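The chain below stands alone and is given as structure tokens, in the form predicted on its own.
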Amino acid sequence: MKALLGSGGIRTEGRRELYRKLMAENFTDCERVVFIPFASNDYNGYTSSMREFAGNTEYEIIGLHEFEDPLMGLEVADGIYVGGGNTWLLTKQLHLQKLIQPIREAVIKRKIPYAGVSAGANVASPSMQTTNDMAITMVPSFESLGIIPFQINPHYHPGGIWYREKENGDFHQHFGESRARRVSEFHELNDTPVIGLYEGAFLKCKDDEFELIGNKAAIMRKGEQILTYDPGVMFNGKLTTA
């Protein structure tokens, strides 16, 4: 299994360069990468903007929606890329179009490289229940692709939120729930460990090895203290250091 899973927050030139480098490595020798735009309602616009953002690539990016039969699109794909957006929208379409099992088999059995950012990283987990997104639509099931054995919480940050109402104004504490609090609620009913990826962080996955690149990550387990790691660390499938 080969995959690249990112949190998002690719807003600086340095992060864009890292993203393009890692994507090029992940999709080495690929000619056609099928892009799954279902985390948005504008499939054409999203696919077009992704082609522009990716820049010059050795591979062609083709929207899965451009195929008359999406299963045929997966059959001819050399790589699969699932974009970010709303995880509920994405998961719903993956189920309605019966793509969960075909994508899982393509990545795990056929060894097709996978990339996912934000929602696309979230659905690489066994379920989509560690998303931060609003439930703007109903999903047939919380089950997602399950190509990795743990959960991802994208856009993770430690502690609470501070904000300012004006660009140059004073900072105020929000006092709302932290990401850690939300994940602890998941762990009230679930035992699966969760990795919270800071913005700009990626997991470079090869079989049962997961390398943290770009930024920090927090490992959260049910009933245990949160552990924070710097980039460069290697995890195994149980999110313990290799």
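Don't overthink the numbering: it's just position in the shown sequence, from 1. We call the rigid core whatever largest set of C-alpha positions still superposes within 1.5 Å between the two forms. All values derive from a computational prediction rather than experimental measurement.
The form predicted together with a further copy of the same chain exists for this protein as well; it is not shown, and the discussion that follows is about that form.
A.B. asks: I'd like to know whether I108 contacts a further copy of the same chain in the model of the complex, with contact meaning heavy atoms within 4.5 angstroms.
C.D. replies: Heavy-atom contact with a further copy of the same chain at 4.5 Å: absent for I108.
A.B. asks: Is there a heavy atom of F27 no more than 4.5 Å from a heavy atom of a further copy of the same chain in the model of the complex?
C.D. replies: No - in the model of the complex, heavy atoms of F27 and a further copy of the same chain never come within 4.5 Å of each other.
A.B. asks: Determine whether any heavy atom of H155 comes within 4.5 Å of a heavy atom of a further copy of the same chain in the model of the complex, and answer yes or no.
C.D. replies: So H155 counts as contacting a further copy of the same chain.
A.B. asks: Considering non-hydrogen atoms and a 4.5 Å limit, does a further copy of the same chain approach T137 in the model of the complex?
C.D. replies: Close contact exists here: in the model of the complex, T137 approaches a further copy of the same chain to within 4.5 Å, heavy atoms only.
A.B. asks: Taking a further copy of the same chain in the model of the complex as the reference, which of R32, K204, R51, R182 has a non-hydrogen atom within 4.5 Å?
C.D. replies: When a further copy of the same chain is considered in the model of the complex, the option within 4.5 Å is R182.
A.B. asks: Can you say which of 166-174, 73-81, 109-117, 96-104 gets within 4.5 Å of a further copy of the same chain in the model of the complex, counting heavy atoms only?
C.D. replies: Of the stretches listed, the one contacting the partner is 166-174.
A.B. asks: Do all of N41, E188 and Y198 end up near a further copy of the same chain in the model of the complex, with near meaning a heavy atom within 4.5 Å?
C.D. replies: Every residue of the spot touches a further copy of the same chain in the model of the complex.
A.B. asks: Under the 4.5 Å heavy atom criterion, name the residues of 87-125 that approach a further copy of the same chain in the model of the complex, in sequence order.
C.D. replies: Read in sequence order, the residues that approach a further copy of the same chain (within 4.5 Å, in the model of the complex) are W88, L89.
A.B. asks: Would G159 count as moving between the shown form and the other one, using a Cα shift of 2 angstroms or more after superposing the core as the test?
C.D. replies: Shift at G159: below 2 Å after core fit.
A.B. asks: Take the rigid core as the frame of reference and indicate whether the C-alpha of G169 shifts by 2 Å or more between the shown form and the other one.
C.D. replies: Comparing forms between the shown form and the other one, the G169 CA shifts at least 2 Å.
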